[in-house]
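Presented below, as structure tokens, is a lone chain in the form predicted alone.
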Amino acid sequence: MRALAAAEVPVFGWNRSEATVEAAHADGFDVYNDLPETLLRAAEEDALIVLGVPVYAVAELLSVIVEYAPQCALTDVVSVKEEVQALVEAAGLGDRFVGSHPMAGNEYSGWQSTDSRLFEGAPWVVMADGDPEVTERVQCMAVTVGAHIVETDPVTHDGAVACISHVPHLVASALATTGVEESIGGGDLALQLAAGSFRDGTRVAGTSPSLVRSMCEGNRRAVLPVLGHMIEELQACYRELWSEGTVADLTARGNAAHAHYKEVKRHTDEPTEPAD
């Protein structure tokens, strides 16, 4: 809402939290606490409805959309695409739905943590092969807030985000718990000494646990093999250090992989325009 409003796009919304609604109102935003009323307005204005809730809340919202605004164009910004697509199809809204996912965020929660510049320069994934009119509206929204479009399909998306988002959240949590474990040298002194590697490596461990659970559990099919691969990498490193006194293999491959990541980002993080 902040990003679209800053771009002078008319926008209104709903939130289940009265406190959030009041905070948004205080900042001058048009937000409702009444979902049917919000959806009736959406239907009247032919709005693009954007679902921005955890996976576990999607089905309940879809059931209300079916009742009050089934004809509206529909998208989402949920971090899992295959399950959301299935829920939309089950609700009978597939013809007006194009899933999407902006790859931007931070570890904070609540209205006070929102940022109108969050999406500038970020990839915004849009599911291919959807209704052309809805696709165009979703792409225009993304470009308007400064993102660039990446098209893919739900299965490919979920596999990708398991590697670069969902499992990294779990790794950050494991690293954070390691830092406080006194039996192996962690604890308050270790945390006092912690610098960039620990800070950066644990940043997303500050994300709401319920949101992380929603992402990882909703993408279980893709997360499990990625988590298994991560465990195998660390186990191999453990064995190498134990038997040979070195961590050369993992550090060398990790360094090369990071260099490749930076090269890929350098070539792909360029603004694109939606197709005519």
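Worth saying up front: this structure is predicted, and the values here are computed from it rather than measured. Start at 1 and count along the sequence shown; that's the residue number.
Omitted from view is the form predicted together with another copy of the chain, to which the following refers.
Participant: Considering non-hydrogen atoms and a 4.5 Å limit, which listed residue (64, 53, 250, 50) is close to another copy of the chain in the predicted complex?
Facilitator: Only one option qualifies, and that one is 250.
Participant: Exactly one of 92, 185, 110, 132 has a non-hydrogen atom within 4.5 Å of another copy of the chain in the predicted complex; which residue is it?
Facilitator: Filtering the options by heavy-atom distance leaves 185.
Participant: Looking at heavy atoms inside 4.5 Å, which stretch does another copy of the chain contact in the predicted complex, given the options 134-142, 92-100, 157-165, 72-80?
Facilitator: Contact-bearing stretch, as computed: 157-165.
Participant: Could you confirm whether residue 173 comes within 4.5 Å of another copy of the chain in the predicted complex, counting heavy atoms only?
Facilitator: Output for residue 173 is yes: heavy atoms within 4.5 Å of another copy of the chain.
Participant: Indicate whether another copy of the chain has at least one heavy atom within 4.5 Å of a heavy atom of residue 33 in the predicted complex.
Facilitator: No, residue 33 stays farther than 4.5 Å from another copy of the chain in the predicted complex.
Participant: Consider residue 245 of the chain shown here, and say whether it contacts another copy of the chain in the predicted complex, taking contact as heavy atoms within 4.5 Å.
Facilitator: Flag for residue 245 set to yes.
Participant: With a 4.5 Å heavy atom cut-off, would you call residue 146 a contact of another copy of the chain in the predicted complex?
Facilitator: No, no contact at 4.5 Å.
Participant: Using the arrangement in the predicted complex, list in sequence order the residues of 184-206 with any heavy atom within 4.5 angstroms of another copy of the chain.
Facilitator: 184, 185, 186, 188, 189, 190, 191, 192, 193, 194, 195, 196, 197, 198, 199, 200, 201, 202, 203, 204, 205, 206 sit within 4.5 Å of the partner.
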